[in-house]
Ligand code: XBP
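Just one chain follows, in the form predicted alone, and it is written as structure tokens.
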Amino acid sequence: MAELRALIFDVDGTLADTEGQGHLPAFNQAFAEAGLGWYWSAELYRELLAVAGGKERMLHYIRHHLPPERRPPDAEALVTRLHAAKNRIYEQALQSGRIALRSGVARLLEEARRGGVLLAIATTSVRSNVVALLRSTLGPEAESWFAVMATADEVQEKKPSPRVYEYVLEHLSCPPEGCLVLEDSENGLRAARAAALETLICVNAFTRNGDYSEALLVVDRLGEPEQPARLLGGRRRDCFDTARPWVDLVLLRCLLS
């Protein structure tokens, strides 16, 4: 039986609905400010999310969704400028309080801290975006709750590469069997499993149709007593207690048993 020693959280789509409430509107506003005439619908963005990383996503869009005559000749330089503008707009959204944590996230973080479970972050987002989210939703000290924060500033390889999770394991000094990952996407699951980490998937509107057959558990939210989670699948679905349908430390320890 493995002892739960650490929880490793993805950020975008897992801690908060940053994609729908933050990143997608910020991309579109950056495009509008640049006078490009580009617009990403929710349907298109769902497809583009298969490409990890904001710059990579824009380059993919240019190369695969724009006709040749509309592709900018200086695509990489343009994308660098657009990404900086998009991050500025996104941080403004965070500071205004428009982006909230997903159901059950704050509760689970507090439970883990009280229970002596280490916390870590593994994301392809830049560190400044992660810190801005933590401070705007959990307070100015929230960054210190996490023993390790692996972001795009520390690891350049994007998921599904396992490198960001390998980085966390190296710096946590914790064996994989004592860790549990919380993710929201196929790329995240593939990255975690490639690092020999068990994973709970908490889907969102953009990721609910993925293949999560390798996940321990798949739910639609972490949930609260007044806002229960819904079980969607997973290898350890037997652990999900319909009498207490939310994700807590009792459930997470059961998943690793």
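In this text, residue numbers run from 1 along the sequence as written. Quantities reported herein were computed from a predicted structural model and do not represent experimental measurements.
There is another form of the same protein, the form predicted in complex with xylulose-1,5-bisphosphate (XBP); it is not shown, and what comes next is about it.
Participant: Among the candidate residues C174, A147, V126, L101, which is the single one with a non-hydrogen atom no more than 4.5 Å from xylulose-1,5-bisphosphate (XBP) in the model of the complex?
Facilitator: It is V126 that has a heavy atom within 4.5 Å of the partner.
Participant: Answer for Q92 alone: is it within 4.5 Å of xylulose-1,5-bisphosphate (XBP) in the model of the complex, judged on heavy atom distances?
Facilitator: No - in the model of the complex, heavy atoms of Q92 and xylulose-1,5-bisphosphate (XBP) never come within 4.5 Å of each other.
Participant: Should L231 be classed as touching xylulose-1,5-bisphosphate (XBP) in the model of the complex when contacts are defined as heavy atoms within 4.5 Å?
Facilitator: Outside the cut-off, so no.
Participant: Considering non-hydrogen atoms and a 4.5 Å limit, does xylulose-1,5-bisphosphate (XBP) approach G54 in the model of the complex?
Facilitator: Contact with xylulose-1,5-bisphosphate (XBP), yes.
Participant: Any chance H83 has a heavy atom within 4.5 Å of xylulose-1,5-bisphosphate (XBP) in the model of the complex?
Facilitator: Yes, H83 is a contact residue.
Participant: Of these, 213 to 221, 195 to 203, 30 to 38, 44 to 52, which stretch puts a heavy atom within 4.5 angstroms of xylulose-1,5-bisphosphate (XBP) in the model of the complex?
Facilitator: It is 44 to 52 that comes within 4.5 Å of the partner.
Participant: At 4.5 Å, heavy atom to heavy atom, what parts of 144 to 170 sit next to xylulose-1,5-bisphosphate (XBP) in the model of the complex? List them in sequence order, or say none.
Facilitator: The stretch 144 to 170, when checked against xylulose-1,5-bisphosphate (XBP) in the model of the complex, contributes only K159 at the 4.5 Å heavy-atom cut-off.
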